[in-house]
Ligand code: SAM
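The data below hold one chain only, encoded as structure tokens and taken in the form predicted alone.
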Amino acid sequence: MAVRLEELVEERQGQTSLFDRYGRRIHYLRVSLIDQCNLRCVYCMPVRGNHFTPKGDWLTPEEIETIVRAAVAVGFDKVRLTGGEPTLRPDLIEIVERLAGIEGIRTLAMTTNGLLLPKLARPLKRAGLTRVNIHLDTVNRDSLSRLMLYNRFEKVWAGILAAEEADLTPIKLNAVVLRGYNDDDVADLAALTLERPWHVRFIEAMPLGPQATVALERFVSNVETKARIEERFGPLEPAFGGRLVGEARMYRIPGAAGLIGFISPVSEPYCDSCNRLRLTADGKMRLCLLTDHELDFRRALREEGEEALKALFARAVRAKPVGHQLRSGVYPLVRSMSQIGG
């Protein structure tokens, strides 16, 4: 159904805002730059048999900038660069510089596995990147080598320190918990917050794409993860009044410098507060991480031009589903996590 932009845009507090059919303000755009990765985490990507988007099908830096400018024009103010592994994109610095120059972006962040940050952290900061989330599933070296294939703890640790030294802060560490892999290690990971002002966030495994079976068979709810942490440190103190902050509920070990977060899309869905859309590396706009609905922004840009994008954003927001259907046994299968960007 055709939707006029004016039907969804409101002026609030002097700012343009885009609202969906359920009253959610949609203002957060995640931009996947590449679906390739230099790791093979078992819940994300098969070791073999991957079919990556050819480089010629990636959105160019100019196209990414154009789409993000259109997003900002209709009310988006937060952008996160994702992958695959975005630091594998050879023109990453140019992309960051282009996006950092767009007036109206409040936050320009990136999610990465951190392996290439020792050489990229300072250039990214100079280019205008605000901060990074770094993926680290465990501090146990044996568990890490089984879960995050091709990774070494020393390499990702060096990346975390490089990001901190470059002031890409606050440092947020993301961990997906799987039974039999790292569920026994969660308290050790949480302990990183005792002396450091980092945010360690535990994420429930989500069943999607070729690795959906892994997430289903190895699922650990954050109720269990939180209980394991409290077994060692005692009751956690709620932060931010116990409210949902983005997709995470935040806590603190009493007296700790940092925070612990729990992102629970399976056991405690936060769809009613979802505020994001996701742009894939090949130019499709995914309306929900855990459904397969997409619109082709690359085709619209190349065939119809920049002005068509604003109307297409209105259509995307209008079509955004109320939530996923995991509890009904409906799982997205078209793309893997590495093709979406999380």
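Since this is a predicted model, take the numbers as computed values, not measurements. The first residue of the sequence shown is number 1, and the count goes up from there.
Another form exists, predicted in complex with the ligand; not displayed. Remarks below refer to it.
- For the ligand in the predicted bound form, the listed stretch (160 to 168, 94 to 102, 174 to 182, 232 to 240) containing residues with heavy atoms inside 4.5 Å is 174 to 182.
- Taking a 4.5 Å heavy atom cutoff to the ligand in the predicted bound form, the contact residue among Gly75, Gly258, Gly261, Gly83 is Gly83.
- This chain is drawn without the ligand; in the predicted bound form, the residue among Val186, Met206, Leu108, Val156 with a heavy atom within 4.5 Å of it is Met206.
- The candidate site formed by His27, Leu29 and Gly246 is entirely out of contact with the ligand in the predicted bound form, as no residue has a non-hydrogen atom within 4.5 angstroms of it.
- For the chain shown alone, His199 is not a contact residue for the ligand in the predicted bound form, no non-hydrogen atom being within 4.5 angstroms.
- Under a 4.5 angstroms non-hydrogen atom cutoff, the ligand in the predicted bound form has Tyr43 among its neighbouring residues.
- Residue contact check for Asn222: none of its heavy atoms lie within 4.5 Å of the ligand in the predicted bound form.
- Contact check for His135: a non-hydrogen atom falls within 4.5 Å of the ligand in the predicted bound form.
- Contact annotation for 97 to 113: residues with any non-hydrogen atom within 4.5 angstroms of the ligand in the predicted bound form are Thr111, Thr112, Asn113, listed in sequence order.
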